[in-house]
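Encoded as structure tokens, the following chain is the form predicted on its own, with no partner shown.
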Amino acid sequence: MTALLSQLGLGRQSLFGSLMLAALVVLIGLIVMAVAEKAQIRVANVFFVNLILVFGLQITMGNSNVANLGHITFTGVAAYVVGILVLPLAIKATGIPNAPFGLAEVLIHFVPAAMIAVVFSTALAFITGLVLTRQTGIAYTIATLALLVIVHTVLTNWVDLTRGPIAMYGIPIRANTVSLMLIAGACAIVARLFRDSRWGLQLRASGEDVLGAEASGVSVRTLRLVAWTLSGFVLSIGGVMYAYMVGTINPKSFYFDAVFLTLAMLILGGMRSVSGAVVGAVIVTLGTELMRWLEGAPVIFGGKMPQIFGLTGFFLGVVIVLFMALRPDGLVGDEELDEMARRLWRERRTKGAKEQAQESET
């Protein structure tokens, strides 16, 4: 294990930090399962799926420091692939009877179907990455947005395969809070270890100074391709779990609303920190639930609030704009929670040593 960590440029602190972060994610799930009601548990399940997506976004955007607006593409592709493979034949006969490649008569167990969906979507990420990683700056961001629009158009108009804009229903529910929190914890480990690895360090350096990194012998394009593909892998897992959680998917679920939601989570917490992804996901999830509650015209202190639609979108927009303008590093900055705890502990010890020295002098 030590030799493997050294080959990847990782230390024991990185391994400890990743396990600590995964334990925090699992702890959140255990607390929810112990005290929450069914409605809150459903919110927690959505939170874990969104957290997986934010981890995927952090791998590429947080390390390369280049905006990515097309990450939800691979979530949608994986969700539709797994949905088509596990959909009961009776539902296929009425929903997608003319599906190409004989898929209307194909039914696969949910585990291998999930593996096929993740592999297919990750392969798509690699292929598209070969083109997108040749771009830099704003051209790269626009290209990722174009990818999102292209795939959304395909999902919306390939009616024989995806039912088009009509929701695909009847996908077996296979995800629960336990599986979601464990997979989210595993994705946290993957994101943290990549961030602290030799590749992640070089990629973050290229985000600060591309020319300087290339002059130092760093293959920026290769590193961005690795990050893009790994990000697609994590996002594909999120798509599979989303399909298995809700049982119904449609193209709108994987478009701009999901993009802005995950962006807000990552920006608020801090793009360059995996721990920031967790912090941002928790705060934005609670904030969006509060906005949805306010949209329903609740009674507060005996007075009925007016019904205001669009508060959720307004909240996400405010989060993105304010944090990019006033605190672009997010709440956590570029530190991880274990690094922050260690720094605070050292400062406390240093302060205590100074106080003891002053007392001894007096």
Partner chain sequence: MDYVIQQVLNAASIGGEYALLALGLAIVFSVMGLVNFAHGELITISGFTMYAIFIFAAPTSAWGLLPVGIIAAIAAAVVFERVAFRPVRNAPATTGLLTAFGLSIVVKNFFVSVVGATRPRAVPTPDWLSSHIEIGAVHIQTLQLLEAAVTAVALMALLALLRGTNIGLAMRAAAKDFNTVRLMGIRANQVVLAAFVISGLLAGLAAVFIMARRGAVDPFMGFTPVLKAFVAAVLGGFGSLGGAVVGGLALGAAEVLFQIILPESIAGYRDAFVFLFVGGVLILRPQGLFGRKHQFGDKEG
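Remember, predicted model here, so these are calculated numbers, not experimental data. Residue numbers count along the first chain shown, from 1.
There is another form of this protein, the form predicted in complex with the partner chain, and it is not shown here; the text below is about that form.
Checking 86, 263, 77, 181 for any heavy atom within 4.5 Å of the partner chain in the model of the complex turns up a single hit: 263.
The contact with the partner chain in the model of the complex, taken as any heavy atom within 4.5 Å, belongs to 141 out of 250, 141, 177, 197.
Under a 4.5 angstroms non-hydrogen atom cutoff, the partner chain in the model of the complex lacks residue 333 among its neighbouring residues. Among residues of the shown chain, residue 221 is one whose heavy atoms approach the partner chain to within 4.5 Å in the model of the complex.
The partner chain is not drawn, but in the model of the complex it has no heavy atom within 4.5 Å of residue 49.
Among residues of the shown chain, residue 293 is not one whose heavy atoms approach the partner chain to within 4.5 Å in the model of the complex.
Partner contacts here mean any heavy atom within 4.5 Å of the partner chain in the model of the complex, and among 77 to 85, 156 to 164, 115 to 123, 90 to 98 they occur only in 156 to 164.
Within 4.5 Å of the partner chain in the model of the complex, a heavy atom is found for all three of 66, 136 and 321. Scanning 201 to 219 for heavy atoms within 4.5 Å of the partner chain in the model of the complex gives 210, 211, 214 in sequence order.
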